[in-house]
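Only one chain comes next, encoded as structure tokens, the form predicted on its own.
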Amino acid sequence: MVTSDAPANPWLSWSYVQDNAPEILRYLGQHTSLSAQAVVIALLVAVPLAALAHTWPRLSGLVLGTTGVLYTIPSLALFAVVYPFLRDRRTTVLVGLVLYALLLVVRNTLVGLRGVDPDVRDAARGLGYGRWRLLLTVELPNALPSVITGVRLASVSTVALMTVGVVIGYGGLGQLMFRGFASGYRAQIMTATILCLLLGLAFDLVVSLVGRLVTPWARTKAAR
């Protein structure tokens, strides 16, 4: 029987946010910092991998296959396997996030490299460009819009996956979600969920703006 004097348990509670602001900000900072590091590291690893796969097509299947397999490993299993070797919660979650982000960036970078206009390549070769100069000064710049798309997907995915790190005690906002589920406190769950969504949107917006800054020709082409 439900009594009328049961304690209120709203999904949204500003008083919860005010009373727990230091803790919420600490987990939000943890979530933001580790997600950003994972995306940057994934970008630094994935683009050279994609460039190698593009330069030597025989490597393409190996690179895509390996990153694809890593992407399909359940996060709980991945963290459980990696943690005993690293013995560090933060590093374990970071490694897992990087591995999951690799496929999204590698695949989009390869798509961008393969989509460069053949006439542009022929013109560069006609000017005496060697293989590496062609790759670094013609193909990669032309593939940037596709690379940015991959980074946007990876950044949003990473922000969401970061919450799973709670299984080994380092999940950023996932810590709040886990506590909320354990105690049945709705405001805690909803606050962490909303912050995750806003953080994912913020990451996407920042990467999108950076993409616009580094590819001004793409805006010109779209405006025509």
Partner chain sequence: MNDLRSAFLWLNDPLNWTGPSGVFSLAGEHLAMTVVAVLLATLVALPLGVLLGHGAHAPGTTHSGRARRSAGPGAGATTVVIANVSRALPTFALLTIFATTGLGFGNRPTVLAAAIFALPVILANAYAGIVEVDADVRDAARGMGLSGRRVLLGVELPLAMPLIATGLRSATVQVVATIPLAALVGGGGLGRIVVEGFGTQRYGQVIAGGFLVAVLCLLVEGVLAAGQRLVTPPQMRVTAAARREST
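Being a predicted model, the structure only gives us computed values, none of them experimental. Numbering follows the first chain given and starts at 1.
The discussion below concerns the form predicted together with the partner chain, not included here.
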Contact at Ala80, Phe85 and Met190 by the partner chain in the predicted bound form, all three, heavy atom at most 4.5 Å: yes
Heavy atom within 4.5 Å of the partner chain in the predicted bound form - the one residue of Val166, Leu28, Leu59, Val45 that qualifies: Val166
Assert contact residue (the partner chain, in the predicted bound form, non-hydrogen atom within 4.5 Å, options Ala124, Val95, Ile73, Leu140) equals Ile73
Can you work out whether Leu135 and the partner chain are in contact in the predicted bound form, taking contact to mean some heavy atom pair no more than 4.5 Å apart? no
Since only the chain is shown here, I'm wondering whether Trp14 would be in contact with the partner chain in the predicted bound form (any heavy atom pair within 4.5 Å). no
Would you check, heavy atoms only and a 4.5 Å threshold, whether Thr91 touches the partner chain in the predicted bound form? no
With the partner left out of view, is Ile41 within 4.5 angstroms of the partner chain in the predicted bound form by any non-hydrogen atom? no
Judged by heavy atom distances of 4.5 Å or less, which residues of 156-195 approach the partner chain in the predicted bound form? Val156, Ser157, Ala160, Thr163, Val164, Val166, Val167, Ile168, Gly174, Met177, Phe178, Phe181, Gly184, Arg186, Ile189, Met190, Thr193
